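Just one chain follows, in the form predicted on its own, and it is written as C-alpha cells.
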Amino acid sequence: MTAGTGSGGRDGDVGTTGPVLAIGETLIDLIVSDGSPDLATATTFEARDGGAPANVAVALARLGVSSAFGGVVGDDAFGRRLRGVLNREGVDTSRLRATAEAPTTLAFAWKDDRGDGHFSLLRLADRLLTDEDVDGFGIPGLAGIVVGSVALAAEPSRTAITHAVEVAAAAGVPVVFDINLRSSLWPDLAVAAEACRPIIERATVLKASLDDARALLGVGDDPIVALRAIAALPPRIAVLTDGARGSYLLDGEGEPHDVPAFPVDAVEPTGAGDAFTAALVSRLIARDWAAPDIEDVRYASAAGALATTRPGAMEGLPTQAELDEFMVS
C-alpha cells in the first residue's frame, strides 16, 4: 500500500513500499474522570484505548497515511479489544503479537490544575517485545518508523526498540523519536539518558517537550534555550513542544520560531502529543522528509489542539476532514 497524505500534504503523495510503522506500547488508559488533579485523590476512571505509538498509528490512518503497529499485548480481553480497535481504524496489526506471559499493559492518566497531562504506567505485556519480533517487521521496506521512550524503560523491549532503530537507520528508513518521557518509569534520569542516546544518534526526527528537555538535557524553563539544545543533537529535524503554551522550531538559518498553540476549550489532553506527532509526520512525508517550516508545525499544533477538545486518547484524534475544517475556521 502506498503511504501518502490527504489535503494536509503539501506536495502530493510520496510513493513508498510500505506503511509508517509505530513500534512500542498499546494499552488501556484508565483516565481520571472525576476532575481530580492528583491520582491520589481520584475516585472515578474511564477505560479508553491508548498507548502513544498506537495513538500515532491511528492518527496517521485518520490523516490518510498508511500505517501499521508493532508490539505485544496480552492474550486477554483487553488485548483483543485493542487489536479490534486498531483494525477498525485501518491500522495494519499483522505485527501485533498476543502473549500468555503477561496481561495487557495499563496506564493511569489525569490532568493537573494547569491542564497538563500526567501518566503512570503499569508495564506488562508491552515490555515483552523482542529482537525476534522486530526481525519479522520488514523494516527495510517501510516508509518510516515511529518510536517513543516508554519501551526503553525495561527489557527486552529496550533492546528490541534499539535494534529496530539500528535496522531502520542502516536501511535508510526515516526514524521518528518522540521522547515522551514518563518520570514514573525512570527513577534515575541518567539511565533514561543512556537508553535514549542510541535512538537519538540514529533518529531523523526528534520531538521533545520542554519537560523532556529539562529532564534529559538539564536545560531550564526557557523554551528557546531548550530548542537550541535539542537542535544541537544528531537528528536533523528537531521540534520542541510545550502544551498549550506553543511549539518551537529553528528555520534554515538557525533562527528560532514560536508557533502559538490554537486556543480551544480543552476537555482531555491525553493523546494530544500523539496527534501532533502524526500530523507532523504526514507533512514530512509530503516533503520527502525535508525539514518542516512554520506552517508544518502549525498544522501539527492544530491537530494536537483539536485532539484535546474530545475525550482521549484514540477517540479524540482528528480525521483529515476535521483538521482541514479546523484550520480554516
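Each residue number is its position in the shown sequence, starting from 1. Predicted model only: the values in this text are computed from it and were never measured.
The same protein also has a form predicted together with a small molecule, omitted here; what follows describes it.
- Message: I have R48, T104 and L122 flagged as a candidate spot, so tell me whether each of them has a non-hydrogen atom within 4.5 Å of the small molecule in the predicted bound form.
- Response: Result no, not one residue of the spot touches the small molecule.
- Task: Would you please decide whether G273 lies within 4.5 angstroms of the small molecule in the predicted bound form, comparing each non-hydrogen atom pair?
- Result: Residue-level check for G273: yes, a contact with the small molecule.
- Task: Considering only heavy atoms, tell me if D242 and the small molecule come within 4.5 Å of each other in the predicted bound form.
- Result: Because a heavy atom of D242 falls inside 4.5 Å of the small molecule in the predicted bound form, the answer is yes.
- Distance check, W289 to the small molecule in the predicted bound form, heavy atom within 4.5 Å: Output for W289 is no: heavy atoms all beyond 4.5 Å of the small molecule.
- Distance check, A42 to the small molecule in the predicted bound form, heavy atom within 4.5 Å: Looking in the predicted bound form, residue contacts with the small molecule do not include A42, since no heavy atom lies within 4.5 Å.
- Listed residue (T93, S157, S149, S209) with a non-hydrogen atom within 4.5 angstroms of the small molecule in the predicted bound form: The residue in contact is S209.
- Message: Given a 4.5 Å cut-off on heavy atoms, tell me which of 243-251, 169-177, 131-139, 229-237 is the interface stretch with the small molecule in the predicted bound form.
- Response: Selected range: 243-251.
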